[in-house]
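First comes one chain, alone, set out as structure tokens in the form predicted on its own.
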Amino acid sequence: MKDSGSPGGIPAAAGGSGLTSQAVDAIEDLSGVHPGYRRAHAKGICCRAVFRPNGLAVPFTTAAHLQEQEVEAVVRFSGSSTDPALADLLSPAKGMAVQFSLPDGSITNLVGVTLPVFFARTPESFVDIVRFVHRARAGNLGPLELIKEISAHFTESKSSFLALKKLQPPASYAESRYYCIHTYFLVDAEGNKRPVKFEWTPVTGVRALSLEDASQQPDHYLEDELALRLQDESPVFQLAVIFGEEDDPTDDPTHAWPDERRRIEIGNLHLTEIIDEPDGLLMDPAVVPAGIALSEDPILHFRHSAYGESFRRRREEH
């Protein structure tokens, strides 16, 4: 698998900027350093997959993986925690990152989570919030008290933490909805740009567990369930594109667009088997092909450098 850490396929940065290093340091402070693991979404499982576009995106973009030719992909499901040993139940938000292998040998990524919005609007507030969480946890605040304190101090986080409080334990990685929270632009053959967001929805529907049922599951129940499921079936996710309108913010991942925005299903992702994580797998959401452009969202751009710095550190730990 070709490893790419930046827009256009430029390798990941050899070192972090001041703010980037501060962000990764702050994440490490939450649960310590776990050599060889990602700084966030540390615990995960990878699958081989095939993405089959249906051609409905063709009028809006020249992106190679959204035409009518199927492409191979790697999917990584994960918990959101910085601790790779944390039980699945104790890491409420889950992630689904997809790396598409394009016909020309390059890659592009879509990174989704089970929350519709992010908790920070800028890189600076991200660092402040993570540091605040670390200090608050040192004061032995419970989860609900912690959410209340963060929302009071950082109003931009309110929507994200309200959504977090409503999350129920997933029954399966394959039965969860994943929101790609950042705005992108689809670029058509004439150069016209349209703001969009992406979303993955399981064809079989979304299913959650009660807290009582979830509490009886083993620590790694989501990985175990996915492995068993793949012995009998190929889970399928639909990829939807949601079109923004004139007043919808494209630079703020803490703000959701209205539910009534135009939405079309543009293809299906078929999971085929569990695989070992490919060496050098880096799911940078800022790596986009021709036909897709990044929005001005500062968190989206910052994730490129932060992912690169995290990648550099874990490679050096091997």
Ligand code: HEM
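A residue's number is simply how far along the shown sequence it sits, counting from 1. Since the structure is predicted, the reported quantities are computational estimates derived from the model, not experimental observations.
Not pictured, yet referred to below: the form predicted together with ligand HEM.
At the 4.5 Å threshold, heavy atoms of F126 reach ligand HEM in the predicted complex.
Taking the partner from the other structure, ligand HEM in the predicted complex has no heavy atom within 4.5 Å of any heavy atom of K197.
In the predicted complex, ligand HEM lies farther than 4.5 Å from every heavy atom of A174.
Although the partner is absent here, L66 lies well away from ligand HEM in the predicted complex, with no heavy atom inside 4.5 Å.
Proximity to ligand HEM in the predicted complex, defined as a heavy atom within 4.5 Å, singles out one entry of I181, I107, L239, L222, which is I181. The stretch from 262 to 270, 34 to 42, 55 to 63, 288 to 296 that comes within 4.5 Å of ligand HEM in the predicted complex, counting heavy atoms only, is 34 to 42.
Annotation for 266 to 305: interface residues with ligand HEM in the predicted complex are L282, M283, I299, F302, R303 [heavy atom within 4.5 Å].
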